[in-house]
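Before any questions on binding or motion, here is one chain by itself as structure tokens, the form predicted on its own.
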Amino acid sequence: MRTIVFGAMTALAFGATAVSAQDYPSREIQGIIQWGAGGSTDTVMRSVTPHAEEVLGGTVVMQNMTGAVGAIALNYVADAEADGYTVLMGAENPMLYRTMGLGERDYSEFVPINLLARGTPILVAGPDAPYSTYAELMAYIAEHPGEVRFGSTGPGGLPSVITAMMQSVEGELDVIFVPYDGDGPALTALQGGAIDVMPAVLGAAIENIRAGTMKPLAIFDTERNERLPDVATAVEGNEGYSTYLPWGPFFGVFVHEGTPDEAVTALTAAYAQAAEAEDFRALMDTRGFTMMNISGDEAREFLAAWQSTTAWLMQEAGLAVNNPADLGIPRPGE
């Protein structure tokens, strides 16, 4: 009799699991955004996710969880149950955590649901800055050591990578670095005069550039951007940048390894379709982002290549805490 009851209970449990998987999502999904409100990652995720909700037939409740260059959000999702109901909405920063000594985890512990888009870095200044080009900024820094205030979002963030790139090409910059918790607050500070210069992603700065509340100094790419065709590239300012460019941040949706295949499949399909929504693509184009919309092995290969390039850039600039070679991160091209 006990065997019969156990068998019945097992069948019921198996049936419940099957129904749960088939009905995913059966409750609200928690979307954890690595950065603060108003920044690039926040803008991308709040634009694409409503379209994914329509495909899923469920609700994704988004929450900004800031701190530790995104590590608090990543650890929160990594420590949550891998059931598909806690999703990480992040940027590139975790791929530098081990190199920068910020943590032992990166996206290798996650399934890339979708790498949605990538951005182009740009160096911007306040509208009243006494320099309007990259060359003028370099000359001003040389003539006014320790005076120019650079916005920063901490080690491993876009500003730190671009700054490392600049110092690798130009030599040590005698400037003051002022930290902020995300590019949204930093760009607000730039417009208010609290800082002078900010390396940012084009998508987060372009509307302010068009409004005249900040001015572009250089596009960090190998070719001029059609959205700001009059702005010179960093390579035009110094050919040394061609070693590192093109380079840029990216935005993606992830779940922890071990998430049921049914949830991964549903989320992947939902975000792939959402990324094709006309208004989302139009927003990405307007904001200066380049669409990617990749998942699976293609996304994993992109992540590995990005980590290799950036980790070794930080190492060569003397900013890495841990040697990428000791972490098993190959040099680009190896």
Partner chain sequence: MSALMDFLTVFTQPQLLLLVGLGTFAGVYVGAIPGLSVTMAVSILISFTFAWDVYPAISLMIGIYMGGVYGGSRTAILLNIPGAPSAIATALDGYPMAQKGEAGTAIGVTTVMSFFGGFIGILVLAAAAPAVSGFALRFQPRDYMLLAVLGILLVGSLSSGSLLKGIFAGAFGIAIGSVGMDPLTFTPRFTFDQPMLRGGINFIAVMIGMFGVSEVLLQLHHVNTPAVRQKISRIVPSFGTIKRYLPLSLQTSFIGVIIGALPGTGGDIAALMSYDHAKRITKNPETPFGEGAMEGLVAPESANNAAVGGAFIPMMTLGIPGDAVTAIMIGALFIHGLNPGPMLMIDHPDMFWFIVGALVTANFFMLIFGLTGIRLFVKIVEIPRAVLIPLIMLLSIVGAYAVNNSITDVYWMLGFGVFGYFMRLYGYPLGPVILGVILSRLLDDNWRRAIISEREDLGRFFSGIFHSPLSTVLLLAVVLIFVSQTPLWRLIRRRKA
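Keep in mind it's a predicted model, so treat the numbers as computed, not measured. Numbering follows the first chain given and starts at 1.
Unshown form predicted together with its partner chain; subsequent notes refer to it.
Contact with its partner chain in the model of the complex, defined as any heavy atom within 4.5 Å, is confined among 201-209, 106-114, 252-260, 229-237 to 201-209. With respect to its partner chain in the model of the complex, the three residues Pro50, Val69 and Phe177 uniformly fall within 4.5 angstroms at the level of their nearest heavy atom. Between its partner chain and the residues Ala304, Met292, Ala269, Ala37, the one pair within 4.5 Å by heavy atoms in the model of the complex involves Ala37. Contact check for Asp181: a heavy atom falls within 4.5 Å of its partner chain in the model of the complex.
Within 4.5 Å of any heavy atom of its partner chain in the model of the complex lies no heavy atom of Glu298. The closest non-hydrogen atom of Gly193 lies within 4.5 Å of its partner chain in the model of the complex. Taking the partner from the other structure, its partner chain in the model of the complex has no heavy atom within 4.5 Å of any heavy atom of Glu276. Contacts between 298-316 and its partner chain, taken as any heavy atom within 4.5 Å in the model of the complex, involve no residue at all.
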